[in-house]
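Form predicted alone, single chain, as structure tokens, below.
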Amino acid sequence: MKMLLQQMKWQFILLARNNIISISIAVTIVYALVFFALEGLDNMYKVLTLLILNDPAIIGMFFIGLTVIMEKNQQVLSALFVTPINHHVYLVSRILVLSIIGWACALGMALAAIGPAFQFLHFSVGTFGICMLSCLAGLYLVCYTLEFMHFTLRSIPLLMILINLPLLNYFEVTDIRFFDLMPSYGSLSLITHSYSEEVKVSTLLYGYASTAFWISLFYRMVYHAFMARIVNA
């Protein structure tokens, strides 16, 4: 635990020095101003959901991929992996730090849009789940391409499929049950139901279970790919 906290501290410092935290805060402030301008809009909850799913997801997927690519190009990874640092600590610390940043940005947008009128626990688990899934997807992708342009071009369609397909059912564009089984659906369900006062317990349980299942599965896939293609390559 001590090593994990130390790594998280360094990750925060590195992200701050690379202006990633300041960029995230600036984008959140812009979204907050937009929400203030749209105050009273009938579909505010749906606009909020759309932005909450995409903004933290972009922070997680792009920033974690770019930081690994930068460290690889600067020969930091080679030096890091000959130290006693546990590889789980390396991966988890990055995922947690970017997820905390994404969650904080999502929380700021929600407070600007609808005030404190939501279930904090369901909202936090949902946004944190989206951030972690996006970070893991970004890490998995970067295991197969360490070229900046290739990573960017491949991450866009991956982000669209992972995050936005379940939104089609939410916006009633489609009614495809398969989308409800996708990795991000559990987090989407928790976020949207955090606005409601009356929610079925079974719906919440499915949201929590689905989020935990996909994060666990994604992490196992990422760890094996990371060890095979980056650490032991």
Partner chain sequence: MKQLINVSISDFKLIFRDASLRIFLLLPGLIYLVVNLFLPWLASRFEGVDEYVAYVLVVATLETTQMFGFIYSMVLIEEKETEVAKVYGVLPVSKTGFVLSRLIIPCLITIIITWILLIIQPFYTLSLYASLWFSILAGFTVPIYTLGIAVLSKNKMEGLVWIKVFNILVVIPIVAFFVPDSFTFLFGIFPTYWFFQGLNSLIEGATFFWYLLAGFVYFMLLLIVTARRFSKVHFA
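For clarity, every value in this text was computed on a predicted model and none was experimentally measured. Numbering follows the first chain given and starts at 1.
In what follows, reference is made to the form predicted in complex with the partner chain, a form of this protein that is not presented.
A.B. asks: Hey, with the partner chain in the predicted complex, do 31, 66 and 150 all fall inside the 4.5 Å heavy atom range?
C.D. replies: Verified in the predicted complex; spot residues all in contact, yes.
A.B. asks: Which of these stretches, 141-149, 118-126, 75-83, 88-96, has heavy atoms within 4.5 Å of the partner chain in the predicted complex?
C.D. replies: Looking at the other structure, the answer is 141-149.
A.B. asks: Counting non-hydrogen atoms within 4.5 angstroms of the partner chain in the predicted complex, say which of 204, 167, 58, 182 makes the cut.
C.D. replies: The residue from 204, 167, 58, 182 that makes the contact is 58.
A.B. asks: The partner chain isn't shown here, but in the predicted complex which of 44, 27, 50, 199 has a heavy atom within 4.5 Å of it?
C.D. replies: Going through each option in turn, the one that passes is 27.
A.B. asks: State yes or no: in the predicted complex, is some non-hydrogen atom of residue 23 no more than 4.5 angstroms from a non-hydrogen atom of the partner chain?
C.D. replies: Heavy-atom contact with the partner chain at 4.5 Å: present for residue 23.
A.B. asks: Do residue 208 and the partner chain share at least one heavy atom pair within 4.5 Å in the predicted complex?
C.D. replies: Output for residue 208 is no: heavy atoms all beyond 4.5 Å of the partner chain.
A.B. asks: Would residue 195 count as a contact of the partner chain in the predicted complex, using a 4.5 angstroms cut-off between non-hydrogen atoms?
C.D. replies: The answer is no: residue 195 has no heavy atom within 4.5 Å of the partner chain.
A.B. asks: Residue 176 versus the partner chain, in the predicted complex: is there a non-hydrogen atom within 4.5 Å?
C.D. replies: Because no heavy atom of residue 176 falls inside 4.5 Å of the partner chain in the predicted complex, the answer is no.
A.B. asks: Scan 191-219 and note down the residues that get a heavy atom within 4.5 Å of the partner chain in the predicted complex; none is a fine answer too.
C.D. replies: Going through 191-219 in order - heavy atoms within 4.5 Å of the partner chain in the predicted complex - there are no hits.
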